[in-house]
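Here you get one chain, nothing else, as structure tokens; it is the form predicted on its own.
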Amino acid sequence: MQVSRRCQTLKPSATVAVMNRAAALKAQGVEVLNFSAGEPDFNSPDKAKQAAIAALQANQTKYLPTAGDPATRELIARIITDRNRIPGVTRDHVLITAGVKMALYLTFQGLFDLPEPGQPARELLLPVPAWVSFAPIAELAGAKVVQMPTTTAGGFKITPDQLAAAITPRTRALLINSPNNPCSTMYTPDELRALARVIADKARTTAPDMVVVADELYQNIVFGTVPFMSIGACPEIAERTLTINGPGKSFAMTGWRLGWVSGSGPFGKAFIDALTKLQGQTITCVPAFSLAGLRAALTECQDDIDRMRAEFAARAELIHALLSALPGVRVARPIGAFYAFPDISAHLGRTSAGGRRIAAAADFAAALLEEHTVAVVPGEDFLGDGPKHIRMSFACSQETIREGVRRLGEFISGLK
């Protein structure tokens, strides 16, 4: 007997693999400086925790409507309308999910079908490097992932001409992740408007059912000179944009497993209705008491966001300066989220002090962990130029950043 081909061919998350290896070393008493986890090192806001506790004590432990309770969906719709400036969103356009990964999973299941025998698959356009789970989740739904390469010099962003050339009659969706994981760069409002014009033009001719999937999970962690903007705020594509967000990163609520997906206009409502059926056949609904905490986070915890964002900004400046000073390392300045994505390709083909041949980023990361106990994520699973890079999360203290980059510098100086 065997498991399905779907499970056999699915790659495990590279990020989780590094986190597990670092945890195993730590359990053995080894001091590991962990730059792998995409998880804030802050605690969830007290007001959110207190609201959830109060809801538990009030016995809010029963089933909710599958899409989430009306009050929380209404609140999210109001935020999307007022802050993100996306028109045509009501509570009926919002589905609350068990984390952003589930929001993405349901969205891709709602957009793609497994191709008929002998027929080409519909395509997801994916700017790369990209978060490691985008492609596998889309492929599980039957999508063909078309990689759109970006570079450090270009700020890891696609151009309008590049997008226009990539759209074909088989294009079903474009994924936009801004601010970006793993690169911590983001599109300017003018750049998003230019992409929106291309999409609107191609929708009239080449790809009439193309949509945009906008992962805006890091919306509130922006500290550079580029202001955040939702691509769904562009009126010409508002009703063909699906926006995904959640409190995990901005509010340090990763373990709460909350997220949402929203649409706009008639298609957005029909799509959310369809995803609600899918959710009803999977998790049924999210826990009622967790939504009390979510409402508190969204309405009472701006000070927590501001405090965390200020610290991330200081860490971004620090890690960028320290990495930029290392020989043979190039790194884009982080302006959102909390990652650095240094290019270490100048050191590939060398040998570590411990005798490991560094043929790829995975070898670089493995040797760095074993020889200097610094955990980073190798770039291969981020696709595109990823194999030339490592990802370092700076969701850790400035002291850890200083010591971790010092050890990284020691490791590099020992390469032969």
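One-based numbering along the sequence shown. All figures in this text were calculated on a predicted structure; none of them were measured in a lab.
Below, we refer to the form predicted together with a small molecule, which is not included among the displayed structures.
- Contact with the small molecule in the predicted bound form, defined as a heavy atom within 4.5 Å, holds for exactly one of Q219, S290, T72, N177, namely N177.
- Out of the listed residues P149, G88, G99, G155, G99 is the one that sits within 4.5 Å of the small molecule in the predicted bound form by at least one heavy atom.
- At the 4.5 Å threshold, heavy atoms of F341 stay clear of the small molecule in the predicted bound form, well away from it.
- Taking non-hydrogen atoms only, L104 approaches the small molecule to within 4.5 angstroms in the predicted bound form.
- When the small molecule is considered in the predicted bound form, F134 lines it closely, a heavy atom lying within 4.5 Å.
- Taking the partner from the other structure, the small molecule in the predicted bound form has no heavy atom within 4.5 Å of any heavy atom of T243.
- Just one listed stretch, out of 276-284, 292-300, 156-164, 255-263, contacts the small molecule in the predicted bound form at the 4.5 Å heavy atom level, and that stretch is 255-263.
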